[in-house]
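The chain below stands alone and is given in C-alpha cells; this is the form predicted alone.
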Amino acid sequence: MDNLTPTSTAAEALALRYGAEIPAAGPWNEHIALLLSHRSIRGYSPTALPNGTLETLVAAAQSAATSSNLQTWSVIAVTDPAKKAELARLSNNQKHIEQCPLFLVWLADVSRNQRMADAAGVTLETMPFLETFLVAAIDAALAGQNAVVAAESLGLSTVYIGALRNNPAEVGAVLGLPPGTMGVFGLCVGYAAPEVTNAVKPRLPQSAILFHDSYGASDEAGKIAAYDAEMGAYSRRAGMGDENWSGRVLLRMGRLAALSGRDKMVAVLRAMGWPLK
C-alpha cells in the first residue's frame, strides 16, 4: 500500500486523521475510507490524464447540491502553459499550478442568470445582496468538493488554491471573465509526483467541533493544547520544524497583511460587476 492509498479499516483511517483522541468507529465503507484519506498534494507528475477525465469530474461537480437549482457557478479548465504560469504568478508563485496537467478555476457566477434576465426584460432584485454572492460561492465550493472526491476515487491528487483570491480582478482579466463572475478558488488535478510522501494531516478532535443541541467550548484550551502537540509531531515528521496549530492560526489571522489584499474584496467585487450593498 503506497502513502496515497486509502487505509482499509476504520480504526486505521481514524487513527491517522485524529491521532490520540480517536472517535468511536461507526458504519464504514470504501467511500468513507477515501474521504478520510484526503490530503493536499503540492507536487505533480506531467503524466496526462485519461481521456474524458475532465468531463467525468464536471459531471460529479454538477451532481452536487445547488441552492434552489440556481446553478450559480461555472468552472474554467486551464491547460495552456502560459495561462497556468500567469495564474501561478497571481497566486503567490505556487509551482504546482504550473506542474499539474489540469488546473480548474471555480467561479461564483451570476452572469448567466443576469443574461437570462436581460433577455426576458426582468429585474433581478436579489442581485445586489450579499446572500446572492454567498449562494454562488457556496455552490462553487460544493461543486469543487464533489470534483475532488471524484478525482481521488480515480487515483488522482488535488490541492485547492485559495490564493487565487489575492488578485481576483487580474485573474478575471487572464480568463476573460464577464461582470458578475469571480474565481473563488483554483484546483490542481493530476498524478502525485513520485517523490511526494504527504501523510494524512491530523484534525481537531471531534469533541472540539461537535456539539449537541447547543454550542459548547468545554475544556477548549486543553483540547487545543493536545492538538498542538499532535500537530507539532506531524510537523516534525514532515520536516516543518515545531509548527503547531494555534501558533499558525494566530499568526495567520493576527496580521492584516496575511490576507494578501483580500481585505479589499468588497470593493474589488463591486468593480467586477457584483453590485453588493
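Note that the coordinates shown come from a computational prediction; the quantities given were computed from them, not determined experimentally. Position 1 is the first residue in the sequence shown; the rest follow in order.
There is another form of the same protein, the form predicted together with another copy of the chain; it is not shown, and what comes next is about it.
> State the residue from Ala85, Ala169, Leu134, Ala199 whose non-hydrogen atoms include one within 4.5 Å of another copy of the chain in the model of the complex.
For this set of options, the contacting one is Leu134.
> Would Asn93 sit within 4.5 Å of another copy of the chain in the model of the complex, counting heavy atoms only?
Taking the distances in the model of the complex, the answer for Asn93 is no, it never comes within 4.5 Å of another copy of the chain.
> Hey, in the model of the complex, is Asp219 touching another copy of the chain, heavy atoms inside 4.5 Å?
Contact check for Asp219: no, nothing within 4.5 Å of another copy of the chain in the model of the complex.
> Might Val110 be said to contact another copy of the chain in the model of the complex, defining contact as any heavy atom within 4.5 Å?
The answer is yes: Val110 has a heavy atom within 4.5 Å of another copy of the chain.
> I'd like to know whether Ala271 contacts another copy of the chain in the model of the complex, with contact meaning heavy atoms within 4.5 angstroms.
Output for Ala271 is no: heavy atoms all beyond 4.5 Å of another copy of the chain.
> Can you tell me which residues in 12 to 36 come within 4.5 angstroms of another copy of the chain in the model of the complex, by heavy atoms?
In sequence order, Leu14, Arg17, Tyr18, Pro23, Ala24, Ala25, Gly26, Pro27, Trp28, Asn29, Glu30, His31, Ile32, Leu34, Leu35, Leu36 come within 4.5 Å of the partner.
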